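What follows is a single chain, given as structure tokens, in the form predicted alone.
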């Protein structure tokens, strides 16, 4: 088993944390505000030590410590056998979720930094997963459509680029596009499809192109072709990550690892106080928008400032039926 941090310091730090927690419990008991999950620690299993996972964990720790100073949050890359029955479990990354469900399917855990697709895929063969809470990091298709409308109020046609995994969202994103006043044209790509043959006529026939997240390999392959073809056709792309906007999309809407950690701390706060947690998958409340001013200038699109764009985006969301 390999834990994060300096293991030589871990044991004494834990003794002080436990002592502090007992003092806090005494204070809460005197105040009549004793939490339901008395004595619980938070055990976090991460898929790897990639920077975005660690950013989410750091944010979770920071915000949870402010809410529950006496609760210990431990982080590991390996499954642990010494978790207490009352400990609250958290996984970060789809691999961590799959490993925990395989080894401890009876344990409820909060699953973070997974996509809605990975949740649905795991749940298909693991019905008990539905009793777990999950906070996915992809944005709902509704947000991508709303951002497109906020930036391009006069656009009438919208290309929707889907891959083998994201294709399951076809009906949802198609319906959202129609609600926003677009005529959607769908480009569904298989894993072995020729992106050029599908994307070239699609972007030339539409006012904007929207792309949903798929597998990492698929995302990378499609991004290269989509950004080149759309720029040549002067068709702006709306995407799902900051990296896409940096690479040449007009704009993206996404959630940051810090926001995932903050919202996860809120779920754990409720769990610690009441013993209750939301069941099933939920999208994050938070979102961030990134734009590419150089692309906007090249395509003769006037970008509003950040505050105005956020206001427009939220107004479109509120207006959608």
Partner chain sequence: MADHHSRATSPGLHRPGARFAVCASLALAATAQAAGDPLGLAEADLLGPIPELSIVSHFPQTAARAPASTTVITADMIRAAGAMNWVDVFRLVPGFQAYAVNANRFGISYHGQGRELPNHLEVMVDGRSVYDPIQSTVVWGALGVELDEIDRIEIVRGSSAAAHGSNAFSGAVNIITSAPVQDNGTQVRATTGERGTRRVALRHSDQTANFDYRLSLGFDHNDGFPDYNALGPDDGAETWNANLRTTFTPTLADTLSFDAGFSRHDTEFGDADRLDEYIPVRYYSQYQRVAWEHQLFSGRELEITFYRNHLRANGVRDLGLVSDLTGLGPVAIPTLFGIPDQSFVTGFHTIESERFDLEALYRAQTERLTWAAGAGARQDAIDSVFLTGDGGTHDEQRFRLFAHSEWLPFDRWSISAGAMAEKTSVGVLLSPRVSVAYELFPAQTLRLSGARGRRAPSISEAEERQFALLGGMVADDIRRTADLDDERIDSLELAYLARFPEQGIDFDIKLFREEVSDGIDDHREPIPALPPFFDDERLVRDNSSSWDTTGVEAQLFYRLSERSWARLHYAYQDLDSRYINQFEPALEIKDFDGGTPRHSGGLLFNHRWSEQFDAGFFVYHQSGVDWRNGNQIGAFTRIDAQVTWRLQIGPSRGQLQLVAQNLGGDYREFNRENRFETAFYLRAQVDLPD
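Everything quoted here is computed from the prediction, not taken from an experiment. Residue numbers count along the first chain shown, from 1.
Quick note: we don't show the form predicted in complex with the partner chain, though the next part is all about it.
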Evaluate residue 207 for contact with the partner chain in the predicted complex, applying a 4.5 angstroms cut-off between non-hydrogen atoms, and reply yes or no.
no
Quick check on residue 157: any heavy atom within 4.5 Å of the partner chain in the predicted complex?
no
Even though the partner chain is not shown here, does residue 242 get within 4.5 Å of it in the predicted complex, heavy atoms only?
yes
Although the partner chain is absent from this view, report whether residue 292 comes within 4.5 Å of it in the predicted complex, heavy atoms only.
yes
For the interface check, one of 170-178, 70-78, 83-91, 233-241 should have non-hydrogen atoms within 4.5 Å of the partner chain in the predicted complex; which one?
233-241
Of 133, 187, 141, 213, which residue is found within 4.5 angstroms of the partner chain in the predicted complex when only non-hydrogen atoms are counted?
213
Have a look at 202, 98, 108, 152 for me and say which one sits with a heavy atom within 4.5 Å of the partner chain in the predicted complex.
98
Scan 275-309 and note down the residues that get a heavy atom within 4.5 Å of the partner chain in the predicted complex; none is a fine answer too.
285, 286, 287, 288, 289, 290, 291, 292, 293, 294, 295, 297, 298, 300, 303, 304, 305, 306, 309
